[in-house]
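A single chain, nothing else alongside it, follows as C-alpha cells in the form predicted alone.
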C-alpha cells in the first residue's frame, strides 16, 4: 500500500460496480495513479462466487450492509430493509444477477432533459464495450468485453407454462430484453460465466491489479471529501481507528452508490444548507438536490401453491435433487445453481401507462419465499412479482448526524403518487389474469399471496402496502442535469466543486425500467471516456 502522503491522480470512493470498472479503465493509462477505497473486504467467500449464493450473501453482515428506510404510509408503517454490498465488487457481488439495460426511451428522456450524450443510441456502444455475451451475435450485444453475460441455463416446466400462459393472455414472446424492446415475456440474461458469478471485482478490478499504478485499500471508512476553495483535494478516511488524509491531484470520484454518495457529499458540506447547519457541518455549497430525487422499484409478489412438488421449495429439501443440481452445475454449468433472482418475466403495459412503453415489469421464479435470504416456504410455491417501471414517487436520503459511520435517513416515499398506486394494483390484477389462463390454471390450487379474500382495488392496494418491498434499485440521489437543482452536470462533475465527480446509479435523473446493475456499468464506462478525454 502506498503511504498516506502519496498523491494519487484519481481517488475512487467505492469498489462497487462503477468503481471497479472505472478503476480498470483509468489505470489502463500509465500516467494515471489510481486509488480505490472500499469499506468492505475482498470477495473471498465461496457464496459470493456461486451464482445462487446471493440467497446467503444478501443477509451476511460481513459482506452486506443493511439500511432501514423510514416507516411510511406507502408501506403501511413498515420499515423496509435495503441491503447493499459491503465488499469488493459492491452490490454486484451479492445481487440477483439479472442483466438488463432497460427501455430505450429512458435514456432518450435523460438526453431530453438536457443531458447531452446520454440518449440510447449514444450509450449503446458503452453497453456493448463492457459485455461478453454468450448468446448469438447481435447489434445490441458486445462479444469482447470483460463482463460475462449468459442466457438462462435452467429450464423449469413451471416457468415455461407461465410463459405460455402469458402469451395466451396476449403478451408476445421476447427472447432478448436487451434487444429491440423490453415488451413481452421471456427469460432473463444473467451476469455469470461458465459456472461462476461475473461480478465487477472479477470482471474489471482483479484483472487490473497487476498494474503498478492501481492500488486498492479495503476496510476503510471515508469520512469526508477534503475541499479547499471549492476544489476537491482528497479524502479523509479512517482505517483501524486511525485517521488519514489521501490527496488526489486530479479528481476525487464518488462511486459509493445512491445511499452513500449523497451521504458523503453532505458530510463534506455539499447539500441542503439548513440540514448541514443543524448538524454543525460547514456549508460549502447549499445544494438541496443532494439526497433528493430518490427512486426505487417497489414490487409486490403473488404466490400460488402448486399441485405437484416440482417447485424448488421441494427440490432443495430433497437430497437426491440437491445432488443432481450440484452435478448439473459442476459438469455442465447449468441448472438451479445458476439461477438469478428471476428466471423469466417481462414487460407489459397497463391502462395507466403515460407512454406506449411498458410501465410494469414481471419477475417470475419456480419457488416462493417471503424475501431473499429467508427459508423457502414448506409448500410447493410459485412466485410472480410485479413492479412499476417508472414510479412518480420521489424520496430523499439525508444524514442525521455528522458521524460518517451513522446510517442516513432514507425515505423512499413509496406509493405516494396516485399513478403509482393505480399501476401496482393493475399489475397484480394482470398477474392474476395470467394465472387463470388455461396453460397455467391446472397447475395450482390456492393463491397464497395476496390471497383469495383480497378482491377489490382498495384491498389489493392495502395488500401491496402491507406486503410489498424493494427490488434493491435505489437511484437518482445525485441527479445529473443542467438546471439549478441538479447535483452533477452531464459530464458527472459536482456542480460548484472542481475536481469532484459522482459516477454511480445516483446520477440517474430517471430510474431505468428494470434492474439497475447493467446501466450502472454503462454509466461508469461512459464516465471513463469523459474523464480520460478531459485529463
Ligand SMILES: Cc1cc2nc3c(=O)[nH]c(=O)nc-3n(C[C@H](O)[C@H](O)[C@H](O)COP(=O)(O)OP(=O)(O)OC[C@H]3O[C@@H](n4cnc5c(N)ncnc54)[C@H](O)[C@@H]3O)c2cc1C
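Positions refer to the first chain, counted from 1. Predicted model, so just to flag it, every value in this text is computed and none were measured.
A second form of this protein, the form predicted in complex with the named molecule, is not displayed here; the remarks below concern that form.
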Quiz prompt | Segment assignment from 480 to 488, 493 to 501, 31 to 39, 44 to 52: heavy atom within 4.5 Å of the named molecule in the predicted complex | solution = 31 to 39
Quiz item: According to a 4.5 angstroms non-hydrogen atom cut-off, is residue 90 in contact with the named molecule in the predicted complex?
Solution: yes
Practice problem: Considering only heavy atoms, tell me if residue 520 and the named molecule come within 4.5 Å of each other in the predicted complex. | Solution: yes
Exercise. Check whether residue 221 has any heavy atom within 4.5 Å of a heavy atom of the named molecule in the predicted complex, and answer yes or no.
Key: yes
Quiz item: Taking 4.5 angstroms as the cut-off for heavy atoms, does residue 260 touch the named molecule in the predicted complex?
Solution: yes
Practice problem: Could you spot which one of 85, 427, 271, 366 gets a heavy atom to within 4.5 Å of the named molecule in the predicted complex? | Solution: 85
Quiz item: Taking 256, 473 and 505 as a possible spot, do all three reach the named molecule in the predicted complex with a heavy atom inside 4.5 Å?
Solution: yes
Quiz item: Of 90 to 117, which residues get within 4.5 Å of the named molecule in the predicted complex if you count heavy atoms?
Solution: 90, 91, 92, 94, 95, 96, 97, 98
